[in-house]
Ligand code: XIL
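Below, in structure tokens: the form predicted alone, a single chain.
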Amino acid sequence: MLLACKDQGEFIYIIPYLMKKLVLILPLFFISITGDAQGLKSFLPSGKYIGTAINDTYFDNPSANGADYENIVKADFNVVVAENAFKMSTILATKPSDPLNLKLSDLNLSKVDKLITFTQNNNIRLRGHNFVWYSYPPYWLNSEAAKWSEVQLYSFTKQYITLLAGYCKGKVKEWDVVNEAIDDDATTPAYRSITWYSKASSAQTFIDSCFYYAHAADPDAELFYNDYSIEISYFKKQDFMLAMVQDMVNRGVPINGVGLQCHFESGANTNDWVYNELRILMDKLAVMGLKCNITELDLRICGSGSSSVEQADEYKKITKIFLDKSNCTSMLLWGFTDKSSWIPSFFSNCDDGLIYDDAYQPKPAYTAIKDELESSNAVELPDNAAEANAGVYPNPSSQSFFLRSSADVKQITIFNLQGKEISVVENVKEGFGENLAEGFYMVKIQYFNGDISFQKIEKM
């Protein structure tokens, strides 16, 4: 990773420490910075999120995951989503006494509360998945909904979304409002016809209504349509999806984006034309003003069809797309460890689709993602680097640094070695940096005359 200095007149210096007191300043054209022991999220540019699904064991039997599970989540990811804890099958697992007159007490929100607390305590963004899904409804819903009129169906759906979205208002930043509403027919896709909400005479009107209900309950939440096999145009579901969301945008339905599940088979449906298709789709949605996030990524290895090396390269290329496209703000994996992956239960002779192995050790795929995140920040410094007119020195009698400058300094900004801003100090006269943890940092010095210089410091 290289530190960027794009404007003329910006310089950068290394200050290695000799015996904690001696400082040597050397002009360099390039500085290579590594982020050892830093999680994936440490290398993200501003406005981007990398995340994982939290498995059911985390809620039902946390000790089975082991202590490393939560530590990895906190270190690597800045957005999470629950595999099943936010689905209706969990929240309405017990049939309410009157399903057509729902109350907040009818909703089992214990797992929701746990994940909200975890994300708030660790400054992690929370994604909600999902309000409406045709599959795996609560055990009682199919038979009950079959008795309802269309008006009653809408009433139930509105009450449910309003209660859950309202309860999570300000805590869940984005929702999959409707999940997998398009049929799988590869030649003539249409809306799914066999669902618990089949009493709706117009599937599109029902979908629109779900978005309106969610927006009314939490106007600040981002609202997504989420599906699989829409990533490439070979699957005609993509054409249907694009027409559907374009129509929603044209009519002012409050939709903010589309989620691509991206459950891929490594070595089978991941080659250059697939990556190009992903880019084209993201561009088409960007023209509509919609985000296009990767929401459930995994790359399963089936039989001898692929290797961990090939899989790592595929993860790297998808990460590059995520970084390159401004309307792709999140890339979430559907879990991070093969120990608790859903893949073996759903795909025969397939496994190993995630970035940590069964023992919570990072795989080549992890390294590939990290390398791509780091390399995305590589920028060449200008050739006219010259000496700065200020020096930052450790104060031997305290835990702070002091500044010695021949020009008036307006502001000092401290960054970690991945470019993340740590703190800003204005009108610096002497001590700063008392609260920094041990390690290396970059200091950006801005002068009142407009000049800027950089120095690398070590807090011991």
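Residue numbers run from 1 along the displayed sequence. Note that the coordinates shown come from a computational prediction; the quantities given were computed from them, not determined experimentally.
Another form, the form predicted in complex with the named molecule, is not on view; read the next lines as being about it.
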item: Interface segment, criterion being heavy atoms within 4.5 Å of the named molecule in the model of the complex, picked from 146 to 154, 80 to 88, 115 to 123, 206 to 214; value: 80 to 88
item: Contact assignment for the named molecule in the model of the complex, among Trp273, Tyr234, Trp140, Tyr136, heavy atom within 4.5 Å; value: Tyr136
item: Partner-contacting position among Lys158, His263, Lys74, Lys171 - heavy atom within 4.5 Å of the named molecule in the model of the complex; value: His263
item: 4.5 Å heavy atom contact, His129 to the named molecule in the model of the complex; value: yes
item: Proximity of Glu296 to the named molecule in the model of the complex, heavy atoms at 4.5 Å; value: yes
item: Heavy atom of Asn226 within 4.5 Å of the named molecule in the model of the complex; value: yes
item: Partner proximity in the model of the complex: Glu180 to the named molecule, non-hydrogen atom cutoff 4.5 Å; value: yes
item: Heavy atom within 4.5 Å of the named molecule in the model of the complex - qualifying residues of 340 to 357; value: Trp342, Phe346
